[in-house]
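Given as structure tokens, the chain that follows is alone and in the form predicted alone.
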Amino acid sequence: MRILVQKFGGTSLATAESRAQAMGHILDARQQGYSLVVVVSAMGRKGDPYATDTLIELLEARESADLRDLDLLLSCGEIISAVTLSSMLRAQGIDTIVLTGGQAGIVTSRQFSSARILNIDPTRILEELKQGRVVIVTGFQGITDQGEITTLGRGGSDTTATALGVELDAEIVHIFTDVEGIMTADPHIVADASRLKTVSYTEICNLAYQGAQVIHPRAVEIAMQKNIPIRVRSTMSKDEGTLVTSSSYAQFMEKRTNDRLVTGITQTTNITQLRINIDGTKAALKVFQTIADHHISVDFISVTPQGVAFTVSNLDVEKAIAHLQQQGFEPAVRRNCAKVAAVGAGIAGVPGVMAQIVEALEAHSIDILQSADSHTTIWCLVEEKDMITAVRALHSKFCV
């Protein structure tokens, strides 16, 4: 049995036109001989009647809402999508069955609103596939070992799709969205951004973690465990989109056309840099222990014997400053920052990449406030007012 998992995001199901396009992809896959598992998100985005954010807004006192109750509410969005799509397929003579996450065998941890998948029993899905049915599974949700409905957090439907793909040993997972694949940069910022034909699991994880929002990185990490390929595609097009696969295969495919150094440029906004003068490692430990004790996430960390620097989300900055001041620290605060990143497996071991980045930003008089690098990524912290220019400059340097 050749199994294909298709996942349709909220924008892919928001209108009658987009739902018809989604149905077309399902019919095409059946004609190609696939046994189909279709994972759906809630319809639309904030403001649309059944979108996740709209459901949240039904609660007048949502800050005090019980997380268990909230998960019950949010699980309704995917159920509405699934039943709506099922009825359209049945009208075309396609036999379907809708399964909630729990009915599909997805068992999660007990963390309401941010549960993690612990186990999947695919028995029910396989039985339905053997009957020739299209199995429509509600994404973003599962059930605990005590029978409680949970949700998987943002990007949860992507995670559902790839986890099912791994458990069912699917041939491939298709992620349908409102863009034609993974781009070399945000096309809203870079007009000449181009679609990538192939990227590695590692590259897309780094792109996603650094701001690209096409697919959730956790979903990619799950697919990578069993080397299940992913295609990121547009619902409104027949184009094959971008193939996400193993590093060796991605490099092989790319070298047939070009020797790519940088895969893409991403950006992250709404961050603040904190710098603190310290005296030795013990003081640095006290700084980061204070931050950790109050559950504040830090990024872009730099530690020297004389001081530490790091960034926090704008949402956490006032809390971070207050707790650090209580411990006797006076952080220097630089607000309105952004992080730009050059991501690419080709960076590893190649000298001079940072020099090219500095050259590109210097040509536009953009100050680098902080920098860091890893095996496949180089990050630069800049002022938010310079972010768009920085992204365009780096894209022009590496991706055109």
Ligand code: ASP
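A residue's number is simply how far along the shown sequence it sits, counting from 1. Keep in mind that this is a model prediction, so the values were computed, not measured.
This next part talks about the form predicted together with this ligand, which is not shown.
With the partner omitted here, the stretch from 118-126, 171-179, 156-164, 288-296 that lies within 4.5 Å of this ligand by heavy atoms in the predicted complex is 156-164.
Residue contact check for S35: none of its heavy atoms lie within 4.5 Å of this ligand in the predicted complex. Contact check for Y201: every heavy atom lies farther than 4.5 Å from this ligand in the predicted complex. Although the partner is absent here, A342 is not a contact residue: none of its heavy atoms lies within 4.5 angstroms of this ligand in the predicted complex.
Interface membership of F140, defined by any non-hydrogen atom within 4.5 Å of this ligand in the predicted complex, is confirmed. In the predicted complex, no residue of 177-204 lies within 4.5 Å of this ligand by any heavy atom.
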